[in-house]
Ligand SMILES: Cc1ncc(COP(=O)(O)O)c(C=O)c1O
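Here's a solo chain for you in structure tokens, the form predicted on its own.
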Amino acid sequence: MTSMTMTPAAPTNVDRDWVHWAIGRIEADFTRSADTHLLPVPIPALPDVALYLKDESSHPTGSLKHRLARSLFLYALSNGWLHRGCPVIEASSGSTAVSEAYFARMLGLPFIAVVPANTAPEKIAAIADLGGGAHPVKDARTIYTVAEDLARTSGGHYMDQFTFAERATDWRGNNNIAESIYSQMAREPHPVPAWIVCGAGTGGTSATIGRFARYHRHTTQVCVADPAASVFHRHWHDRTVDTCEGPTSLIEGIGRPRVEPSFVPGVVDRMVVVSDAQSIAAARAISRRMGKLCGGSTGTNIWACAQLASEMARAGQAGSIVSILCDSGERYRSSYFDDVWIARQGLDLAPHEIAIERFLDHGTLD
């Protein structure tokens, strides 16, 4: 289950001037960037339950993974793992690779992403546009070992987001996504969310949010929306389950066949299992409602939010639910928003689209 992290054969005397310059470049980029918006999702039938989406698609690299990539680079630089000219290697289903390619180009470092062969072509193109390269593999389960091998043979550094996501981000504060959410909720009718809903790819986001909520003694509960094919919900119920067999999820970026080192089940209060068809149907429905294309993992989140909001309403509970608009659906025009692709996967979206539209209009999935 654990992943061996390969560190480059860096010079004995690390070029501290270059490291200071590199950290300064990343910090300057952060200073130039505004925070992402917190968007209310109107549900007129549920006046006492407020739903919000944290729009992470507005980052310079278009996804929630921009925050992770920044943290991973700062972590690697501070640990002395990166040096001038060092190749950067990552195992990724796409979005983290896009964001890491951005920071690698900023620092003048070569970048290669080891990606599953079925990664959306739009993501591969985005990596290339940022000067990075993609190394596709047929079996998604091999991305870790292939990335380690590439790092070893190139003398580069394997970033290993799956191991370091939960520790590279300062979960106590320092403008992580949790701190941003609570700050933006301060003037809302229910400023402390009853639930924060997110997916798990590395597990870093749920770990950050869960730790932050506990550290600051908030009553907020954390719900992870997990694809049906993923191992995370199985592991949460039974900690002896570390892997699962069979086809992997069609939802890129979340759900894994093995439990990643950054997944911290103890900070998760609930898991909601969502099928691929439900995720894609919800992504399409919320895209129409919000007037912007949202990716499949956002659909996974929305389905879980609908379930929680419906339960709160039935129980007569008032409060707020915050979730994440993880990335733009523009990256999935050739998949989730392509009816021919949907038919090839054998998916029937119609009943699920009807259900999520019913929730948005009438406040219930039933």
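Position 1 is the first residue in the sequence shown; the rest follow in order. Everything numeric in this text was worked out from a predicted model, so none of it was measured.
Form predicted in complex with this ligand: not shown, discussed below.
(message) For a quick test of understanding: in the model of the complex, does each of 95, 204 and 327 have a heavy atom within 4.5 Å of this ligand?
(response) All of them do, each having a heavy atom within 4.5 Å of the partner.
(request) Using the partner position in the model of the complex, report whether residue 323 sits within 4.5 Å of this ligand, counting heavy atoms only. (result) The answer is no: residue 323 has no heavy atom within 4.5 Å of this ligand.
(message) Residue-level question: is residue 254 within 4.5 Å of this ligand in the model of the complex, judged on heavy atoms?
(response) Close contact exists here: in the model of the complex, residue 254 approaches this ligand to within 4.5 Å, heavy atoms only.
(message) Quick check on residue 332: any heavy atom within 4.5 Å of this ligand in the model of the complex?
(response) Contact check for residue 332: yes, within 4.5 Å of this ligand in the model of the complex.
(message) Within 4.5 Å, heavy atoms only: does residue 302 come near this ligand in the model of the complex?
(response) Outside the cut-off, so no.
(message) For the interface check, one of 114-122, 187-195, 72-80, 245-253 should have non-hydrogen atoms within 4.5 Å of this ligand in the model of the complex; which one?
(response) After filtering at 4.5 Å, what remains is 245-253.
(request) Would you mind picking the one in 274, 200, 280, 294 that has a heavy atom within 4.5 Å of this ligand in the model of the complex? (result) Selected residue: 200.
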